[in-house]
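Only one chain is given next, in structure tokens, and it is the form predicted on its own.
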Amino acid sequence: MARTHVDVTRREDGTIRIDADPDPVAGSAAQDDEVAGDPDFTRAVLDVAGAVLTWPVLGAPGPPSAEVHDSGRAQQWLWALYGERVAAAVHDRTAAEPHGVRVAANPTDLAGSAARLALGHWAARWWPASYPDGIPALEQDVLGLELAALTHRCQQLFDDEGDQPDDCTAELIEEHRDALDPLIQWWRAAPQSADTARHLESVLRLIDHAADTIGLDGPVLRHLRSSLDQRRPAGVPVDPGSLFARHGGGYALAAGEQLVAGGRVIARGQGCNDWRRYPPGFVDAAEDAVSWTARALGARRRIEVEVVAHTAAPSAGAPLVAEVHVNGGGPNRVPLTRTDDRWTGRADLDPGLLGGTAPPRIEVGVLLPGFDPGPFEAGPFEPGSGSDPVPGADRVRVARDAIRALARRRLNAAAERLTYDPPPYDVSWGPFLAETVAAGPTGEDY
């Protein structure tokens, strides 16, 4: 069995860090990049018993890195995830002086399932659904049920302490059980791909076993049990997209009217669409989803902001705002209102900010107060000897483009029903059922 290596280090605060071996070709670049810091949307994360596991979504497949804050609790899964050598190294570091050791890690079945579970949580939070970019949204109920199945498969990673938000099998089944009947219909209708049929049956059986273990009941779960007990008929293939209620049906960009008629246009531009600053399902993930116009209305100065809405964006009760900085000054908050396919808002600004003859430097972002962690500050990245540093803002923009490219590759693989036998560490293998639905011929009109 192929092995890779990890570094196990005890820190001054007593936590133990497991660092996955970087790509040998891009090792120095990866280390520099880690020092500068990567945005949240480039990492898949799992909160497990005694530790937090992290995989690079855009990186080469490999074991996760880990921050172990309770090595006693973590010992229940360390050996099954990394192998006995790593588990022993973590145990030895618990009482040792702060230093590290490099040990071999073995690929395991649990490692593959955990990586897939983490990637599913990543997709639920960061999938870059965009109408103008042609990336359809994922059906959240379908994804939620597959996450429930994967969580049940990965139960060894969790314990009964109650401090692991990703140990949520019961909650996921209850929240997304409306998709169970369509999934059963899809499985019984003989999917065109034999691999998809096996995938569906695996998810359904895991959900059934999880519900039985947890003690969940209800008509739809009893229907699931009776369906699995019967021999699957040789049904007629069905398009899965027709089985699921799609959010935002008929969604199309409307031209709309100008927010303000008349007035002199001082400046126009595109704002920053930082995915970290609002919850999933609020704003279209396109890079140019945020636009603004500064106008002079007599002696008044006004900023108008338009944001392309996500197809599932709430129409009321969401205090989304635009944050406007003029010439490096403090933030001005502009409340936004959902209208059709847009969030729009306007606000008067201090005329002194937009006076003078020089064009103003205006920066606009969109955020949800109370959710917003603040703008991401990435340091410059040194790509190599003799090359100029890449500014942090450009690094984040390039990362967003890479995430969009990843989503398109996965959708293409789902549409073509590409299958292969993946190694346990490959976090990108095999489409999720929600990706197969999104890539189908009757998905949203992108």
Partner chain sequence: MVIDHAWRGLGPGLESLSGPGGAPLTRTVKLIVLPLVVRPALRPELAVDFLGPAEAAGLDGLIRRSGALLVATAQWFTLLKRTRRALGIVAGNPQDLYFQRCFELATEHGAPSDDVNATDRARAVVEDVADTADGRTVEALKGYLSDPARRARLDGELATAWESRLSGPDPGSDASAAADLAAVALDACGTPDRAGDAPEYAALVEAGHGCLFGRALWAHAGRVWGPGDLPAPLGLTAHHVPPRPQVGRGASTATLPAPLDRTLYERLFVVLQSSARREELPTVPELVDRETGRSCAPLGLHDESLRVAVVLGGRLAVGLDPLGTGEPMLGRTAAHRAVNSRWRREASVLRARRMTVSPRPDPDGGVLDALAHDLRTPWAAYVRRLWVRLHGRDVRDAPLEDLAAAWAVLDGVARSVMMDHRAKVRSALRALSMAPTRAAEPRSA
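Positions refer to the first chain, counted from 1. These figures come from a predicted structure and were not determined experimentally.
Heads up, the form predicted in complex with the partner chain isn't pictured, but that's what we're talking about next.
Between the partner chain and the residues G241, G365, P280, P182, the one pair within 4.5 Å by heavy atoms in the model of the complex involves P280. Checking A299, V265, A358, A316 against the partner chain in the model of the complex, a heavy atom within 4.5 Å turns up for just one residue: A316. Contact check for G134: no non-hydrogen atom falls within 4.5 Å of the partner chain in the model of the complex. Within this chain, H325 is remote from the site of the partner chain in the model of the complex, having no heavy atom within 4.5 Å. Though the partner is left out of this view, A87 does reach within 4.5 Å of the partner chain in the model of the complex, counting heavy atoms only. Taking non-hydrogen atoms only, D40 approaches the partner chain to within 4.5 angstroms in the model of the complex.
Although the partner is absent from the chain shown here, G72, E175 and L206 each have a heavy atom within 4.5 Å of the partner chain in the model of the complex. Partner contact region in the model of the complex: 149 to 157, out of 99 to 107, 290 to 298, 149 to 157, 345 to 353, criterion any non-hydrogen atom within 4.5 Å of the partner chain. In sequence order, Q155, Q156, F158, D159, D160, E161, G162, D163, Q164, P165, D166 are the residues of 154 to 173 having a heavy atom within 4.5 Å of the partner chain in the model of the complex; the partner itself is omitted from this view.
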